[in-house]
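Given as structure tokens, the chain that follows is alone and in the form predicted alone.
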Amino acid sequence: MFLLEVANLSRKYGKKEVLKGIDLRVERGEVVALIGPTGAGKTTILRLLDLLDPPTAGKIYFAGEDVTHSPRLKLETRRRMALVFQKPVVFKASVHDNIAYALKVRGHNRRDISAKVSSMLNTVDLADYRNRNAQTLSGGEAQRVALARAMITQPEMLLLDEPTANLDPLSTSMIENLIQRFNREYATTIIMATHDMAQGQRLAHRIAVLMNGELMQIGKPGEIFSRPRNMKVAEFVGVENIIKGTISSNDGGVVTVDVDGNTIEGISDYRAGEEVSVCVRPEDITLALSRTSSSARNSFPARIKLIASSGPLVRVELGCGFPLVVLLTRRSAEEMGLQIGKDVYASFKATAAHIIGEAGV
């Protein structure tokens, strides 16, 4: 049984439809990242899932029970989940009292509260801040207090809205470690909205792409970034090599794509004559100084247009009848003596060419 199921969920504000027919299933213990541009509906869906706002249409099932409208079930269910907003809210009270709040309103005794808060303070590395006014904390510290307050009751589901927005790299790392720890040690189901796609890849078991209120694609991180469903998703997740062409033949699922007189082979069920785009990840392309014999079905003579360092990697822009971006290690670039104007061969396998049609299947 799924912990959370959402069926045909929609939300309107006046005449504006912010969410459109969202279908989503989340397993117990799963981490799902919601990504999408500003205004895509990420915060709206979190508020609906936390039962703060009612949907205009659709159903929300928690642990198999329809909790969409029943006031009693909504109250009971909200006690089994927690939501942490983008800007952490802390009360004008000590760090200890901020974290203890949820236990106090649930009627826990003083000894139980003291023990649980002390343990949670150690977990979020704020034991030395126990008696400090929470409103004097830094952004990262306040976010840890908000997370601790949310997790003190050990909710079954934790909803996070941009949990590291505007935080420095060290604070971001600490928050990400806590998210992973809560998921691992408490088996907490986590749904998080994030603008940081790399963060989604690091933390999530699956990523859901929201655009214009629609759930465009959901899948494992590798699927989203290497096999986007359509051009909108491909462009949003930053696929750098998107090459437009026309299917010239299909031989048992191996297609040939004509790109201004050049040909690219890929795997697809599109028919001859259909206009498509070929997506190739930069790290799936290899460079060589001469044409070599390999299993790669696609090999093109190319000239280096630009070279730029990117940490331990080097980004190489090529011209080979069409633009192509390649990522390789700094060591490989140095060993080949790569420089602007140098002629090379760029190769990639047919299986590395993800083909998207005009309709985007």
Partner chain sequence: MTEIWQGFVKAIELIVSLDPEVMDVAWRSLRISAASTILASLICIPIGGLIHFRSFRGKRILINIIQTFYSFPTVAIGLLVFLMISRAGPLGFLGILFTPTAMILGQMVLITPILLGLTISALSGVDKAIRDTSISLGATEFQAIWAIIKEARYAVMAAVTMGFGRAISEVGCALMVGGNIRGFTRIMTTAIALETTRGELELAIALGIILISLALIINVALNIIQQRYT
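Residue numbers count along the first chain shown, from 1. These numbers come from a predicted model, not from an experiment.
Omitted from view is the form predicted in complex with the partner chain, to which the following refers.
Against the partner chain in the model of the complex, the set D50, F91 and A150 is in full contact: each member has a heavy atom within 4.5 Å. You can rule out all but one of 174-182, 255-263, 74-82, 242-250: in the model of the complex, only 74-82 has residues with a heavy atom within 4.5 Å of the partner chain.
Using a 4.5 angstroms threshold between heavy atoms, R106 counts as touching the partner chain in the model of the complex. Put simply, A102 is close to the partner chain in the model of the complex: some heavy atom of it is within 4.5 Å. In the model of the complex, R110 stays away from the partner chain, with no heavy atom inside 4.5 Å. Using a 4.5 angstroms limit between non-hydrogen atoms, R130 is distant from the partner chain in the model of the complex. Checked against the partner chain in the model of the complex, the candidates K87, R202, K220, R271 yield a single residue with a heavy atom inside 4.5 Å, and that residue is K87.
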